[in-house]
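As a starting point, one isolated chain is supplied in structure tokens, in the form predicted on its own.
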């Protein structure tokens, strides 16, 4: 039934409005503007037509079936709308409305759950900003119209943060397959949505902002997420780590923040990767979205600067990334890619005199060597080598050679290095402004690889 959210034949907007600035106006505008091709039914008893579409006083008056109903009306009116959705045979009700358990109005929330269960309607929310599924051109949110298309699914328990991240992902050119606001999780929760997305061919990795789970659902959460991580990597930011943060969570979504140590243990048991801020969550998600899973542990660092090479080496050792000890044969090969005073050890230091040709020769050696499983490309701005030229050459080389060894990059410098990184990111090579962030992303991919291997060996 939840799959109907991803490919609905029709969407009704209960509370659709003709007034710009109202939530019911923005949601309808976004559904139309983002290009949804199914049937759209504005529901408003005081309107004949909204945005060129025939309006209906109730979903019961809609002539065809309704798969998804987006509800944006005052809280006290939601039970009646839920009853009508049930009679109509709506599969999923997306309840935007706030004013339920998050403000202590538990009874009203329980009432709409009871009605929904009587009719077999599933509820997303309440207290949410909606959802988007880009392969079906669905943007049923009151956030920005544009959503960058990609293969990262984002689930957010915070509405305001979720809306902000819509804009943040556009600015950082991070493509999303899906975006779900879950709010109070009165019915559909993070784990059930993750299970839905685990089977979605358009999603490669699931990123979650989580405040807490409902009391009594801890074991169920671990069991479900264990099934999910067998199919897809999951990266979670768990908010409410401190005592004050836990109180803020309780007043925000009515969830149980609980002991941070318990969540930490649950994540490890289920194979969930933990991030500690938004930037790190998307750093990790981008690597999984753009690169193949590692097949081995041995990692090589290729750099034109000794300093960034040392920083990357420290980060690798601290995060459990195994740096390969190159054989003499491999070091002899790397010597051919650098000036006589370069270093063919690991990091492979091409020196500040490196040009595009040096990097490409070194990368060719790295992808052909059976000693190397993963590649880290580092670049420090020099007057000799324009980072944009290097980025173009790397993309061309990877495309022509169909490289299947996980690769992350870090370019350090000014605006032109930032432009180069954007080019790499657009073309499938995750790139970061510091070597530590690149290594951290790779370390989480390696952790996930080990987790899957451990799980397989126990069978």
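These figures come from a predicted structure and were not determined experimentally. Numbering follows the first chain given and starts at 1.
We do not show the form predicted in complex with a small molecule, though everything after this point is about it.
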{"query": "Partner proximity in the model of the complex: residue 111 to the small molecule, non-hydrogen atom cutoff 4.5 Å", "finding": "no"}
{"query": "4.5 Å heavy atom contact, residue 52 and the small molecule in the model of the complex", "finding": "no"}
{"query": "Distance check, residue 347 to the small molecule in the model of the complex, heavy atom within 4.5 Å", "finding": "no"}
{"query": "Any non-hydrogen atom of residue 299 within 4.5 angstroms of the small molecule in the model of the complex", "finding": "no"}
{"query": "370, 215, 74, 201 - the one with a heavy atom within 4.5 Å of the small molecule in the model of the complex", "finding": "74"}
{"query": "Interface residue in the model of the complex among 334, 359, 131, 142, criterion: non-hydrogen atom within 4.5 angstroms of the small molecule", "finding": "142"}
{"query": "Candidate stretches 215-223, 156-164, 312-320, 276-284, one within 4.5 Å of the small molecule in the model of the complex by heavy atom", "finding": "156-164"}
